[in-house]
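Before any questions on binding or motion, here is one chain by itself as structure tokens, the form predicted on its own.
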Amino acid sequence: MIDPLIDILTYPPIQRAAIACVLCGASCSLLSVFVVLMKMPLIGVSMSHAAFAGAVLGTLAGINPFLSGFVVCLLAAGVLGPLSDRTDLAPENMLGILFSFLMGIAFLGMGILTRTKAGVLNLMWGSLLTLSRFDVTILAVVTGVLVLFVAVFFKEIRAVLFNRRLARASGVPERMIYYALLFLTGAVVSSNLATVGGLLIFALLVQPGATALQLTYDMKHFFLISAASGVGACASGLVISYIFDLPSGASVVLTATVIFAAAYVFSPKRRRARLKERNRII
């Protein structure tokens, strides 16, 4: 079983898929920390549907789906930040409104399409084995920018994740950090349209961070565990999809769910909490 898997890595499409797995897992997992700790899982849902809606509109207009998805994602991020800061609506409410609006646009566009919907369906579910060199290059650039941003502004990001108001009072440019994270979420989601798909990518923006939340309190470890979980889910999902001839995007998401379930069951944090509760009762 191992030898055929090694042999298959000599084919360029498989090589591109393997590289994309690492990049997708790393980029989504880093953002997952932000999504989970700020308790805004709808960011992933809204951004994924923004990218998908933009890709559908791009297909209708004869524009590169990645570029149109990227533009719509950035517009959604640009609208979300100021509105959540300047109105009485909570960010999660704004995300819910954006989600329903963008989902409506996406399915309206699919209904209007008269030619084959195969290309749009690939953007919905993802197809790791059909990635082009351009797709992988864009994903590498976006991942590199995200890693650089996290490395340079790690202290500021940690302050914002702890409490935005306290970060602002301490002189941290929390609004800039928050908006930058929103824009980077849009960039990561749109660059992963062809890997996991617009309807499944939100799972990778939640589950790696949720997995890390079960295992550690330390912020640096949080990022590392989240990244390892995301990359592991993508790589394992790709192998499973190849062995059993399954859709790659769905295999990646289901694998990420299994990893989270294992972390939840064997969570040392939950075990310590149960011991404390038992001692308190005694």
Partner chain sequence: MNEQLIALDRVTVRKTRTVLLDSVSLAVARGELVGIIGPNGAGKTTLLNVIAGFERFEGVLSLFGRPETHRRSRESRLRVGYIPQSFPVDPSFPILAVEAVMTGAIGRTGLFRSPGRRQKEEAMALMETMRLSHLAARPLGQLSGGERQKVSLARAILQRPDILLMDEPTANLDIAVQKEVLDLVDEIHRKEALTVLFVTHDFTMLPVAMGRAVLLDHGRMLFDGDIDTALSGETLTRLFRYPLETFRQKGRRFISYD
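Remember, it's a predicted structure, so these values are computed and weren't measured experimentally. Positions refer to the first chain, counted from 1.
Omitted from view is the form predicted in complex with its partner chain, to which the following refers.
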Requested in this report: Identify, from the list L67, A235, M219, A228, the residue with a heavy atom within 4.5 Å of its partner chain in the model of the complex.
Outcome: M219
**Report entry** One residue of P82, G111, G171, G104 in contact with its partner chain, assessed in the model of the complex (non-hydrogen atom, 4.5 angstroms)
**Finding:** G171
Query raised in the report: Any chance R16, I138 and D245 all have a heavy atom within 4.5 Å of its partner chain in the model of the complex?
Result: no
Query raised in the report: Which single stretch, out of 138-146, 152-160, 189-197, 70-78, brings residue heavy atoms within 4.5 Å of its partner chain in the model of the complex?
Result: 152-160
Query - Touches its partner chain in the model of the complex: L213 (any heavy atom, 4.5 Å) - result: yes
Requested in this report: Spell out, yes or no, whether the shortest heavy atom distance between R165 and its partner chain in the model of the complex is within 4.5 Å.
Outcome: yes
Report task. Decide whether L37 counts as a contact residue for its partner chain in the model of the complex under a heavy atom distance cut-off of 4.5 Å. Result -> yes
Query raised in the report: Can you name the residues of 59-75 that have a heavy atom within 4.5 Å of its partner chain in the model of the complex?
Result: none
